[in-house]
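For reference, the chain that follows is the form predicted on its own, supplied as C-alpha coordinates.
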(Lines give C-alpha, C1' and ligand atoms only; values in the text may rest on other atoms or scores of the structure.)
Protein backbone atom coordinates (compact mmCIF):
# COMPACT_ATOMS: atom_id res chain seq x y z
CA UNK A 1 0.00 0.00 0.00
CA UNK A 2 1.26 3.44 -0.96
CA UNK A 3 0.96 6.25 1.60
CA UNK A 4 0.75 9.76 0.13
CA UNK A 5 0.93 12.93 2.23
CA UNK A 6 -0.12 16.37 1.02
CA UNK A 7 3.49 17.32 0.24
CA UNK A 8 4.00 14.17 -1.79
CA UNK A 9 0.76 14.72 -3.72
CA UNK A 10 1.89 18.26 -4.57
CA UNK A 11 5.08 16.85 -6.11
CA UNK A 12 3.19 14.77 -8.68
CA UNK A 13 -0.16 16.49 -9.19
CA UNK A 14 -0.98 20.01 -10.35
CA UNK A 15 -4.17 22.05 -10.34
CA UNK A 16 -4.28 21.57 -14.11
CA UNK A 17 -4.21 17.80 -13.57
CA UNK A 18 -7.04 18.02 -11.04
CA UNK A 19 -9.21 20.22 -13.30
CA UNK A 20 -8.88 17.76 -16.17
CA UNK A 21 -9.65 14.84 -13.83
CA UNK A 22 -12.73 16.57 -12.36
CA UNK A 23 -14.14 17.20 -15.83
CA UNK A 24 -13.72 13.53 -16.70
CA UNK A 25 -15.14 12.36 -13.36
CA UNK A 26 -18.33 14.42 -13.75
CA UNK A 27 -18.68 13.35 -17.38
CA UNK A 28 -18.61 9.75 -16.14
CA UNK A 29 -21.15 10.59 -13.43
CA UNK A 30 -23.56 12.29 -15.83
CA UNK A 31 -23.31 9.36 -18.27
CA UNK A 32 -24.37 7.02 -15.46
CA UNK A 33 -21.07 5.14 -15.48
CA UNK A 34 -20.51 5.39 -11.74
CA UNK A 35 -22.15 4.12 -8.59
CA UNK A 36 -22.26 6.60 -5.69
CA UNK A 37 -24.19 5.33 -2.64
CA UNK A 38 -25.48 7.81 -0.10
CA UNK A 39 -22.79 8.65 2.42
CA UNK A 40 -22.97 6.95 5.80
CA UNK A 41 -22.86 9.23 8.83
CA UNK A 42 -22.12 7.92 12.33
CA UNK A 43 -22.73 10.18 15.34
CA UNK A 44 -20.06 9.44 17.94
CA UNK A 45 -19.46 10.69 21.47
CA UNK A 46 -16.88 13.27 20.43
CA UNK A 47 -18.00 14.02 16.86
CA UNK A 48 -19.14 12.53 13.56
CA UNK A 49 -17.57 10.21 11.01
CA UNK A 50 -18.70 10.10 7.38
CA UNK A 51 -18.00 7.32 4.87
CA UNK A 52 -18.25 8.29 1.19
CA UNK A 53 -17.67 5.44 -1.32
CA UNK A 54 -17.77 5.46 -5.12
CA UNK A 55 -17.25 3.02 -7.99
CA UNK A 56 -16.14 4.11 -11.47
CA UNK A 57 -17.66 1.27 -13.47
CA UNK A 58 -15.75 1.36 -16.76
CA UNK A 59 -12.31 1.26 -15.20
CA UNK A 60 -13.48 -0.63 -12.08
CA UNK A 61 -11.94 1.97 -9.78
CA UNK A 62 -13.29 1.77 -6.22
CA UNK A 63 -12.44 4.02 -3.31
CA UNK A 64 -13.81 5.63 -0.19
CA UNK A 65 -13.24 8.90 1.61
CA UNK A 66 -13.48 8.78 5.39
CA UNK A 67 -13.87 12.21 6.93
CA UNK A 68 -14.57 13.02 10.57
CA UNK A 69 -15.64 16.19 12.37
CA UNK A 70 -14.27 16.23 15.91
CA UNK A 71 -14.42 19.81 17.27
CA UNK A 72 -12.23 19.11 20.33
CA UNK A 73 -9.30 17.76 18.31
CA UNK A 74 -7.33 21.06 18.24
CA UNK A 75 -6.96 20.77 22.03
CA UNK A 76 -5.06 17.55 21.33
CA UNK A 77 -2.93 19.16 18.65
CA UNK A 78 -4.88 17.38 15.91
CA UNK A 79 -7.00 18.73 13.01
CA UNK A 80 -10.72 19.08 13.72
CA UNK A 81 -11.64 17.56 10.33
CA UNK A 82 -9.26 14.64 9.65
CA UNK A 83 -9.80 12.77 6.39
CA UNK A 84 -8.27 9.98 4.33
CA UNK A 85 -8.98 8.59 0.87
CA UNK A 86 -8.50 4.83 0.42
CA UNK A 87 -8.12 3.35 -3.06
CA UNK A 88 -8.58 -0.30 -4.10
CA UNK A 89 -6.57 -2.10 -6.74
CA UNK A 90 -9.06 -2.91 -9.58
CA UNK A 91 -7.30 -6.25 -10.24
CA UNK A 92 -7.06 -7.63 -6.70
CA UNK A 93 -9.47 -5.65 -4.52
CA UNK A 94 -6.64 -4.86 -2.09
CA UNK A 95 -6.22 -1.38 -0.61
CA UNK A 96 -3.44 -0.01 -2.79
CA UNK A 97 -3.19 3.57 -1.53
CA UNK A 98 -4.06 5.91 1.34
CA UNK A 99 -4.02 9.62 0.56
CA UNK A 100 -4.30 12.73 2.72
CA UNK A 101 -8.06 13.22 2.39
CA UNK A 102 -8.09 16.81 3.59
CA UNK A 103 -5.70 17.83 0.81
CA UNK A 104 -7.49 15.74 -1.84
CA UNK A 105 -10.79 17.39 -0.85
CA UNK A 106 -9.31 20.88 -1.10
CA UNK A 107 -7.67 20.07 -4.43
CA UNK A 108 -10.68 18.48 -6.13
CA UNK A 109 -13.04 21.18 -4.77
CA UNK A 110 -10.84 23.96 -6.13
CA UNK A 111 -10.51 22.04 -9.37
CA UNK A 112 -14.25 21.54 -9.88
CA UNK A 113 -14.72 25.29 -9.58
CA UNK A 114 -11.80 25.71 -11.98
CA UNK A 115 -13.47 23.30 -14.41
CA UNK A 116 -16.73 25.24 -14.27
CA UNK A 117 -14.96 28.59 -14.59
CA UNK A 118 -12.99 27.26 -17.56
CA UNK A 119 -16.19 26.13 -19.29
CA UNK A 120 -18.39 29.11 -18.41
CA UNK A 121 -16.40 32.29 -17.74
CA UNK A 122 -15.62 34.67 -20.59
CA UNK A 123 -12.27 33.93 -22.20
CA UNK A 124 -11.21 37.55 -21.64
CA UNK A 125 -12.10 37.56 -17.91
CA UNK A 126 -9.58 39.71 -16.04
CA UNK A 127 -11.07 40.64 -12.66
CA UNK A 128 -12.25 38.24 -9.96
CA UNK A 129 -13.60 38.32 -6.42
CA UNK A 130 -12.98 35.61 -3.82
CA UNK A 131 -15.31 35.69 -0.80
CA UNK A 132 -14.16 33.64 2.18
CA UNK A 133 -10.64 32.79 3.33
CA UNK A 134 -11.15 29.47 5.13
CA UNK A 135 -9.60 26.08 4.48
CA UNK A 136 -10.90 25.80 0.90
CA UNK A 137 -9.89 29.31 -0.18
CA UNK A 138 -6.31 28.61 -1.33
CA UNK A 139 -7.31 26.02 -3.91
CA UNK A 140 -10.26 28.17 -5.03
CA UNK A 141 -7.93 31.08 -5.72
CA UNK A 142 -5.38 28.87 -7.47
CA UNK A 143 -8.07 27.37 -9.72
CA UNK A 144 -9.31 30.78 -10.90
CA UNK A 145 -5.75 31.95 -11.56
CA UNK A 146 -5.02 28.72 -13.43
CA UNK A 147 -7.88 28.86 -15.94
CA UNK A 148 -7.94 32.60 -16.70
CA UNK A 149 -5.14 35.21 -17.05
CA UNK A 150 -6.50 37.37 -14.25
CA UNK A 151 -5.02 40.81 -13.64
CA UNK A 152 -6.83 41.62 -10.38
CA UNK A 153 -8.38 39.51 -7.61
CA UNK A 154 -10.25 41.15 -4.73
CA UNK A 155 -10.26 38.96 -1.61
CA UNK A 156 -12.91 39.47 1.06
CA UNK A 157 -13.67 37.98 4.44
CA UNK A 158 -16.11 39.18 7.08
CA UNK A 159 -13.15 38.92 9.49
CA UNK A 160 -11.02 41.67 7.96
CA UNK A 161 -7.83 40.83 9.89
CA UNK A 162 -8.02 37.20 8.83
CA UNK A 163 -8.74 38.30 5.26
CA UNK A 164 -5.82 40.72 5.14
CA UNK A 165 -3.42 38.11 6.53
CA UNK A 166 -4.62 35.55 3.97
CA UNK A 167 -4.18 38.09 1.16
CA UNK A 168 -0.58 38.78 2.13
CA UNK A 169 0.19 35.06 2.25
CA UNK A 170 -1.38 34.51 -1.18
CA UNK A 171 0.62 37.36 -2.73
CA UNK A 172 3.75 35.39 -1.89
CA UNK A 173 2.37 31.94 -2.70
CA UNK A 174 0.95 32.90 -6.09
CA UNK A 175 3.41 35.60 -7.13
CA UNK A 176 4.20 33.60 -10.30
CA UNK A 177 0.72 34.34 -11.65
CA UNK A 178 1.50 38.09 -11.74
CA UNK A 179 -2.04 39.03 -10.67
CA UNK A 180 -2.75 41.93 -8.32
CA UNK A 181 -4.19 40.32 -5.19
CA UNK A 182 -5.70 42.76 -2.70
CA UNK A 183 -8.07 42.76 0.26
CA UNK A 184 -11.41 44.25 -0.68
CA UNK A 185 -12.30 47.33 1.34
CA UNK A 186 -15.41 47.99 -0.78
CA UNK A 187 -16.99 44.68 -1.77
CA UNK A 188 -19.89 46.21 -3.71
CA UNK A 189 -17.48 48.13 -5.95
CA UNK A 190 -15.41 45.02 -6.60
CA UNK A 191 -18.53 42.95 -7.35
CA UNK A 192 -19.58 45.60 -9.89
CA UNK A 193 -16.30 45.14 -11.78
CA UNK A 194 -15.93 41.36 -11.41
CA UNK A 195 -15.86 38.97 -14.36
CA UNK A 196 -15.72 35.99 -11.96
CA UNK A 197 -17.13 35.74 -8.43
CA UNK A 198 -16.36 32.78 -6.18
CA UNK A 199 -17.98 32.48 -2.75
CA UNK A 200 -16.63 29.79 -0.44
CA UNK A 201 -18.23 30.24 2.98
CA UNK A 202 -20.66 28.48 5.31
CA UNK A 203 -22.80 31.61 5.55
CA UNK A 204 -26.52 31.37 6.27
CA UNK A 205 -27.07 34.72 4.54
CA UNK A 206 -26.04 35.82 1.05
CA UNK A 207 -22.44 36.97 0.82
CA UNK A 208 -22.78 39.64 -1.90
CA UNK A 209 -25.36 41.94 -3.49
CA UNK A 210 -26.79 40.28 -6.58
CA UNK A 211 -27.95 43.62 -7.96
CA UNK A 212 -24.30 44.68 -8.34
CA UNK A 213 -23.40 41.79 -10.68
CA UNK A 214 -22.77 42.98 -14.24
CA UNK A 215 -23.70 41.24 -17.48
CA UNK A 216 -21.23 38.57 -18.55
CA UNK A 217 -20.14 37.59 -15.04
CA UNK A 218 -19.58 33.98 -14.01
CA UNK A 219 -20.47 33.08 -10.40
CA UNK A 220 -19.34 30.06 -8.35
CA UNK A 221 -21.12 28.95 -5.18
CA UNK A 222 -18.75 26.56 -3.43
CA UNK A 223 -19.14 26.78 0.33
CA UNK A 224 -22.80 26.44 1.35
CA UNK A 225 -23.63 22.75 1.55
CA UNK A 226 -26.68 22.42 3.84
CA UNK A 227 -30.31 23.52 3.41
CA UNK A 228 -29.74 26.23 6.04
CA UNK A 229 -26.80 27.85 4.21
CA UNK A 230 -27.31 30.54 1.57
CA UNK A 231 -24.29 32.13 -0.15
CA UNK A 232 -25.76 32.96 -3.53
CA UNK A 233 -28.55 35.57 -3.82
CA UNK A 234 -31.86 34.14 -5.05
CA UNK A 235 -32.00 37.04 -7.52
CA UNK A 236 -28.85 35.70 -9.22
CA UNK A 237 -30.20 32.15 -9.34
CA UNK A 238 -33.28 33.55 -11.10
CA UNK A 239 -31.34 35.96 -13.34
CA UNK A 240 -28.61 33.56 -14.52
CA UNK A 241 -28.80 32.57 -18.18
CA UNK A 242 -27.00 29.26 -17.60
CA UNK A 243 -27.27 27.37 -14.29
CA UNK A 244 -24.93 24.42 -13.73
CA UNK A 245 -24.51 21.99 -10.81
CA UNK A 246 -21.82 19.43 -10.06
CA UNK A 247 -24.56 16.86 -9.44
CA UNK A 248 -28.31 17.47 -9.39
CA UNK A 249 -28.90 14.82 -6.73
CA UNK A 250 -26.42 16.42 -4.35
CA UNK A 251 -27.33 20.07 -4.84
CA UNK A 252 -31.11 19.60 -4.84
CA UNK A 253 -30.81 17.70 -1.54
CA UNK A 254 -28.23 19.84 0.25
CA UNK A 255 -27.72 23.41 -1.03
CA UNK A 256 -30.05 25.96 0.55
CA UNK A 257 -29.16 28.67 -1.96
CA UNK A 258 -30.60 26.48 -4.73
CA UNK A 259 -33.32 24.64 -2.78
CA UNK A 260 -35.05 27.84 -1.63
CA UNK A 261 -35.34 29.56 -5.05
CA UNK A 262 -36.90 26.33 -6.35
CA UNK A 263 -39.34 26.26 -3.44
CA UNK A 264 -40.16 29.94 -4.12
CA UNK A 265 -40.84 28.98 -7.77
CA UNK A 266 -38.23 31.47 -9.01
CA UNK A 267 -36.72 28.57 -10.97
CA UNK A 268 -37.46 24.88 -11.44
CA UNK A 269 -35.21 21.83 -11.31
CA UNK A 270 -35.43 21.54 -15.10
CA UNK A 271 -33.63 24.91 -15.41
CA UNK A 272 -30.33 23.34 -14.29
CA UNK A 273 -27.63 21.38 -16.10
CA UNK A 274 -24.86 19.22 -14.69
CA UNK A 275 -21.23 20.08 -15.32
CA UNK A 276 -20.87 16.72 -17.04
CA UNK A 277 -23.45 17.87 -19.60
CA UNK A 278 -21.13 20.73 -20.59
CA UNK A 279 -18.15 18.39 -20.96
CA UNK A 280 -20.21 16.06 -23.17
CA UNK A 281 -21.89 18.87 -25.14
CA UNK A 282 -19.67 22.00 -25.29
CA UNK A 283 -22.40 23.86 -27.18
CA UNK A 284 -24.25 24.13 -23.84
CA UNK A 285 -21.52 26.43 -22.49
CA UNK A 286 -21.61 30.22 -22.71
CA UNK A 287 -22.83 31.49 -26.08
CA UNK A 288 -22.12 35.22 -25.74
CA UNK A 289 -20.28 37.77 -23.63
CA UNK A 290 -23.43 39.11 -21.93
CA UNK A 291 -24.73 35.94 -20.32
CA UNK A 292 -24.58 35.58 -16.55
CA UNK A 293 -23.54 32.03 -15.67
CA UNK A 294 -23.84 30.23 -12.35
CA UNK A 295 -22.16 27.11 -10.96
CA UNK A 296 -23.03 25.43 -7.66
CA UNK A 297 -21.17 22.51 -6.07
CA UNK A 298 -21.65 20.48 -2.89
CA UNK A 299 -19.18 17.74 -3.83
CA UNK A 300 -19.44 14.05 -4.63
CA UNK A 301 -17.33 11.01 -3.83
CA UNK A 302 -16.83 10.45 -7.58
CA UNK A 303 -14.42 13.39 -7.53
CA UNK A 304 -12.45 12.07 -4.55
CA UNK A 305 -12.16 8.58 -5.99
CA UNK A 306 -11.35 9.52 -9.59
CA UNK A 307 -8.81 12.17 -8.58
CA UNK A 308 -7.42 9.91 -5.84
CA UNK A 309 -6.73 7.07 -8.24
CA UNK A 310 -5.20 9.43 -10.80
CA UNK A 311 -2.86 10.76 -8.11
CA UNK A 312 -1.96 7.19 -7.08
CA UNK A 313 -1.02 6.23 -10.64
CA UNK A 314 1.19 9.31 -11.11
CA UNK A 315 2.89 8.84 -7.73
CA UNK A 316 3.50 5.15 -8.41
CA UNK A 317 5.01 5.95 -11.82
CA UNK A 318 7.42 8.46 -10.28
CA UNK A 319 8.27 6.44 -7.20
CA UNK A 320 6.80 9.02 -4.83
CA UNK A 321 5.30 8.04 -1.45
CA UNK A 322 5.89 5.47 1.26
CA UNK A 323 5.25 1.79 0.49
CA UNK A 324 4.14 -0.37 3.41
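Positions refer to the first chain, counted from 1. Values in this document were obtained by computation on a predicted structure and should not be read as measured data.
This protein has a second form, the form predicted in complex with a small molecule, left out of what is shown; the following refers to that one.
The shortest heavy atom separation between residue 298 and the small molecule in the model of the complex is within 4.5 Å. Contact annotation for residue 103: none of its heavy atoms lies within 4.5 Å of the small molecule in the model of the complex.
Although the partner is absent here, residue 223 lies within 4.5 Å of the small molecule in the model of the complex, judged by heavy atoms. The closest heavy atom approach of residue 108 to the small molecule in the model of the complex falls within 4.5 Å. For the small molecule in the model of the complex, the listed stretch (147-155, 236-244, 175-183, 108-116) containing residues with heavy atoms inside 4.5 Å is 108-116.
Among the residues 168, 202, 215, 92, the one placing a heavy atom within 4.5 Å of the small molecule in the model of the complex is 202. Screening 82, 134, 210, 227 for any heavy atom within 4.5 Å of the small molecule in the model of the complex leaves a single hit, 134.
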